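First, one chain by itself: the form predicted on its own, in structure tokens.
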């Protein structure tokens, strides 16, 4: 059975939901069947081969095992005790969640309940242009997810932590988490989307996040991918930013066997702004691929991108960033940078920042760098008695500090510094047969 036929067969067993959702699921499946799973012959996947996803007979993730709060905190530290929503194998776990006591200012609900709400019909799977094959697969198969709504004019000071726990079993499992964030005009909030693993096993996470930023609203979205180093992870973030709105998106990836992040932002109103920051760390035979697309559709838009990568062993990284400035988007200001650190001779990075400018009154720049640890700095630390491994760790922490300083959540920024060092060590220790 080929991969497309496998997914068609599994689709027959899912719960379709409300009539409008069933129709949307079927439409997404039809689009997926027509396109199929991409290969390296497709330009967007030229450097990333998803054959391992295609050849595995994935089963829907079962209902997750019972998990106590102590175990959750151990695998997803820091957990913010007053604002946590937990999903195990893609399903909401209310017993592990601590909804914030914020009255009507913030609405967070399970998408498994929301499809009966007619108001959701015009919003779910409505952000952006035609979806990618994996995003269509998510729309066809997602069982649950988070719907976040911030009321007009409300500023939510406490970060909202969405934890997606991947709990593999004996069979290869696939989960399709979904997040919809809607910030109404003048509102402000920080949302952390955290993907973690409960043990090793053959698993595939296929996540989709949609973000709608209203006029004068501000959203900080922080995605942390720290699943098991042998897992497979594909995600897509699509956002639309209205007039004078601002989106700050951080994509922090800490090495699975294959990680692919797609981020698409449309600046859909005059004065809209976005900042896209990324950090990716991989070792062993791991691969991390980041594709971004910023669409300046209206005048006076501002965008900035800064992605940093650290690669060790035989790891491979990909950065493909595209900025499009449309003819009517005069006075746009766009900058894009990708900086990479290779710790071994066998590590590789394919980097391709791109600008597509169709307006004449703009300010745009892009660039990329690839280098190694600074030997002078390393010698300086060693000459003062710092052991080699510790000196390397200090220099790596300095390299990522430009990213972590941009996080508004201090406890998370401190944890990210530690994860950089931990994950590179974990990747070196993966048994050959598990890769």
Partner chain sequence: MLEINGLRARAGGTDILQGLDLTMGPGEVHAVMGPNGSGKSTLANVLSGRPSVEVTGGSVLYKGKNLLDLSPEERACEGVFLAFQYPVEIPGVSNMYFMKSALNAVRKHRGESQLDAMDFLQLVREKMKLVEMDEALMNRSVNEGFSGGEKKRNEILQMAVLEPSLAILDETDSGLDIDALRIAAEGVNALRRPDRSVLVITHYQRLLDYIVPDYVHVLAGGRIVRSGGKDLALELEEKGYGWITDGASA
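Positions refer to the first chain, counted from 1. The shown structure was predicted, so the numbers you read here are calculated from the model rather than taken from an experiment.
There is another form of this protein, the form predicted together with its partner chain, and it is not shown here; the text below is about that form.
Heavy atoms within 4.5 Å of its partner chain in the predicted bound form belong, among the stretches 28-36, 385-393, 56-64, 43-51, to residues of 385-393. In the predicted bound form, residue 68 stays away from its partner chain, with no heavy atom inside 4.5 Å. In the predicted bound form, its partner chain sits within 4.5 Å of a heavy atom belonging to residue 376. Shown alone here, residue 401 lies within 4.5 Å of its partner chain in the predicted bound form, counting heavy atoms only. In the predicted bound form, at least one heavy atom of residue 381 sits within 4.5 Å of a heavy atom of its partner chain.
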